[in-house]
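Here we start with a single chain on its own, the form predicted on its own, put down as structure tokens.
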């Protein structure tokens, strides 16, 4: 991956709907050259997909919480992660260092539903306890880091 690939990636992170012609103008390449580079970035797994960014509240998911998952002593992290992934309310899951093995982002319609979801999380085999932080407001999220590594 060279500097042009990094610039194309940065532009796509800012606007995933940009055409190859638009990207070409922004990075100084022809549309066909950008198309070829994007294809290689996709096939090599650098670009893993494209998606729509949606306001969660507008689709009825007005409550967001970050939940730390502390495993029991005999827990198998991979098995716990699989079970976490089976809950539709769990939007993201990160393995972390510290007392907790995972932090998950949960989105639900109401606080009552959050309480039910926390109960389901606690019943997962291998989960000893949880620690929940309820998000009051989102200042920014999913912001692309367009800094380039040297």
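Keep in mind that this is a model prediction, so the values were computed, not measured. Numbering follows the first chain given and starts at 1.
The following text describes the form predicted in complex with the DNA, which does not appear among the structures shown.
- Heavy atoms of residue 30 reach within 4.5 Å of the DNA in the predicted complex, making it an interface residue.
- At the 4.5 Å threshold, heavy atoms of residue 107 stay clear of the DNA in the predicted complex, well away from it.
- Within this chain, residue 131 is remote from the site of the DNA in the predicted complex, having no heavy atom within 4.5 Å.
- In the predicted complex, the DNA sits beyond 4.5 Å of every heavy atom of residue 13.
- The stretch in contact with the DNA in the predicted complex, judged by heavy atoms within 4.5 Å, is 33-41, chosen from 33-41, 111-119, 84-92, 48-56.
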